[in-house]
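Okay, here we've got a single chain as structure tokens, the form predicted on its own, with questions on binding and movement later.
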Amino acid sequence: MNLFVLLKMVPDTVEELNVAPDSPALDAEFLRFKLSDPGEQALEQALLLKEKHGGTVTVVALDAPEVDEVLFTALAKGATRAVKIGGDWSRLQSFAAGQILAAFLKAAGSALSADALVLLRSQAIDDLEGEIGPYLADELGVPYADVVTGVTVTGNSMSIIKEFAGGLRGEFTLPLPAVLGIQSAEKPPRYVPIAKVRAALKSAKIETVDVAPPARLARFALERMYKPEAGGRAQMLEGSPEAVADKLVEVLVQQGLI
């Protein structure tokens, strides 16, 4: 199989996120980036499919802070090839990223072969609707399914398990090639020792490629970024049930609700 995994770097929300004082962007001075959690699940699912069916796993990412570490870790886990698309993509939104990635996959050729499968995150913290997946599939002209939790490949088709709200799941059959948005892999992402990552740093390499952006790149101008603004605070009512009930009625009258 020709398996392609599209990885995305996102701000680590363990750290405090602050807005830069001079621009509508996050303050990068203390900002740390990490691989999105669903992206890690997509990589694990690709590695599992490679182990079952053979073939290659190519991990692809737009250039971003700390992305090299993530790509070398993917190689240490068992990926065949790591590709970094060079450029300044710091202000790129999901649709534009989909255009760049689609251009790379079309140029790769094998991404549209009869045994090709593109896996990526079902969503990210700055892509909660997961819009990049269906947009990418539309650019490539192939089927798409998201919130996938299981993949079984048979010949040039596959059976996938898709999650729905309320704990429901559905099973669907799709032809290859296709694009899948992975919610969780069939097994937890594997741990790779630091020593193995260091070995990959010495023996493996990351390919850096340039992709010519489309003539009409879907860019958006971000005018303002701010933390959520508090609209008010809760008022705690204390005392006996009768006293609290009287105070509650008084508050509702003051607010004009009764």
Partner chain sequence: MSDAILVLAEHLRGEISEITYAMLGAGRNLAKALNAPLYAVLLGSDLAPLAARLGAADKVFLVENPQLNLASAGTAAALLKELMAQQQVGLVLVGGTNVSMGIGSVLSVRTGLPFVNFCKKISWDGALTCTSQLFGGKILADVKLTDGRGVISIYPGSFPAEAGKSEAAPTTVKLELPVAASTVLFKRYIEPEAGDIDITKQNVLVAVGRGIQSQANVALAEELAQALGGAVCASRPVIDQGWLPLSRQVGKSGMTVKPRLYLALGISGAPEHWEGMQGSQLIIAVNTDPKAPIFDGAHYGVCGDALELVPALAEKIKAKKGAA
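Keep in mind that this is a model prediction, so the values were computed, not measured. Positions refer to the first chain, counted from 1. Heads up, when I say rigid core I mean the largest set of C-alphas that superpose within 1.5 Å between the two forms.
Missing here is the form predicted in complex with the partner chain; even so, the following discussion is about that form.
Heavy atoms within 4.5 Å of the partner chain in the model of the complex map, among the stretches 203 to 211, 65 to 73, 51 to 59, 26 to 34, onto 26 to 34 alone. In the model of the complex, the partner chain sits beyond 4.5 Å of every heavy atom of residue 155. Contact check for residue 241: a non-hydrogen atom falls within 4.5 Å of the partner chain in the model of the complex.
Though the partner is left out of this view, residue 149 does reach within 4.5 Å of the partner chain in the model of the complex, counting heavy atoms only. Heavy atoms of residue 135 reach within 4.5 Å of the partner chain in the model of the complex, making it an interface residue. Proximity to the partner chain in the model of the complex, defined as a heavy atom within 4.5 Å, singles out one entry of 83, 112, 125, 103, which is 125.
Along 161 to 191, a non-hydrogen atom within 4.5 Å of the partner chain in the model of the complex is carried by 161, 162, 163, 164, 165, 166, 167, 168, 169, 170, 171, 172, 173, 174, 175, 183, 184, 188, 189, in order along the sequence. When two forms of a protein are overlaid on their rigid core, residues whose CA moves 2 Å or more are considered shifted, and residue 243 is one of them between the shown form and the other one.
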